[in-house]
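First, one chain by itself: the form predicted alone, in structure tokens.
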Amino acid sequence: MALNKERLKSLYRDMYLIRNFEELIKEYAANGTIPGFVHLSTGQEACEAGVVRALRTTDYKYPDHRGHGAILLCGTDPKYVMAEIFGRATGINGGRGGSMHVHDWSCHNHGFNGIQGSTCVTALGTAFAAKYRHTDDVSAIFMGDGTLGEGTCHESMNMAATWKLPVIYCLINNGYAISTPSKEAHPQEELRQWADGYGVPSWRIDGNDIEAVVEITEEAVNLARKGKGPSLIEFVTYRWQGHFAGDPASYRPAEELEYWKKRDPLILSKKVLIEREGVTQEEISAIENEVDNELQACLKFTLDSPWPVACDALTHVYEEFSVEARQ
């Protein structure tokens, strides 16, 4: 499916925003400003932008641990996402969530947690709620090839298929589960085949082709909205960095990385914009400059923001009452 020029320009902006937002995160994680680990999605931007832009604000989103990009596009102001990752009090979750646990109910972003595969189960609740309430909202789960080996993933798919729940399993196959190549962990050449056993429709597509990502995601979403049940989409892509920022990724060959860098989703979409849609380099540069300025404003807001205070550490632990911390 060929997208029109304006939509392609908007998606290019989304991907450029994700790429350069994470470049700042990488820089400040390396110099010790950001606490804890961060997991980056450099090279996978089309998967995140294409999926989120095929959804509505009321649809339920479950980003994975490499989900900054999806979170940025859900509807939360990027400066509050950045502040959260930096652990500042102005973050969307008051600095409590950090890189991997950014949650914003206002746009139905449920965030992630440290139990791999658990969101596959949690999403059954929101999917069932949509069916029970007779809305046509869908639940989209971002997951990696490693998550596919978790029993919870298969239990989830079995129940979603049996009850015809509106779940989209967005399998971002970047080739590695931490340092384990997917071919050493799964017997299938195409991981989408896992869905066959549950009678779930599935596709395997180029995850760096933004138009293909949008087209197939919209097809899966339309099936779910019509009550046809879950789908699984395998997006074949690659993460440029190691499992986490700072991981040298010595377990993979250098030529593999170079091959995938030539298939950079930003370069591919820029080529389509220029050669097919007649967009000028000046127009693209204007988009990039706008994003660069926005990110610098986000960074200033974040660095000027205060750290959380100790007395608030236990706020929100319980819904109905507060807990006093010992001094």
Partner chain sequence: MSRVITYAKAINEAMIQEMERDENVFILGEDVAKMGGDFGLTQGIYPRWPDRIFDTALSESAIVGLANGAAIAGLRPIAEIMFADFAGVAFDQIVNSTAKMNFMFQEEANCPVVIRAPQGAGIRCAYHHSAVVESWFLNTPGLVIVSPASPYEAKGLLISAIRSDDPVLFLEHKVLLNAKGEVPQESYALPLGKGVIERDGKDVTIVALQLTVKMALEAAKELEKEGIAAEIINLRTIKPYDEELIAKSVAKTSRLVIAQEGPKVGGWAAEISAMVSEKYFEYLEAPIQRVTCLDVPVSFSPVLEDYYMLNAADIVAAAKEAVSF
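Residue numbers count along the first chain shown, from 1. A quick note: this is a predicted structure, and the numbers were derived from the prediction, not measured.
Although it is not shown, the form predicted together with the partner chain is what the next lines describe.
- Proximity to the partner chain in the predicted complex, taken as a non-hydrogen atom within 4.5 angstroms, holds for one residue of Gly87, Pro78, Gly229, Gly242, which is Gly87.
- Contact with the partner chain in the predicted complex, judged by any heavy atom within 4.5 Å, is made by just one of Arg252, His103, Arg225, Lys164: His103.
- Using a 4.5 angstroms limit between non-hydrogen atoms, Glu23 is distant from the partner chain in the predicted complex.
- Taking non-hydrogen atoms only, Gln116 approaches the partner chain to within 4.5 angstroms in the predicted complex.
- Taking the partner from the other structure, the partner chain in the predicted complex has no heavy atom within 4.5 Å of any heavy atom of Gly91.
- Contact annotation: Ser179 falls within 4.5 Å of the partner chain in the predicted complex, judged by heavy atom distances.
- Judged by heavy atoms within 4.5 Å of the partner chain in the predicted complex, the contact stretch among the candidates 253 to 261, 189 to 197, 134 to 142, 94 to 102 is 94 to 102.
- Along 23 to 59, residues Pro35, Gly36, Phe37 each place a heavy atom within 4.5 Å of the partner chain in the predicted complex.
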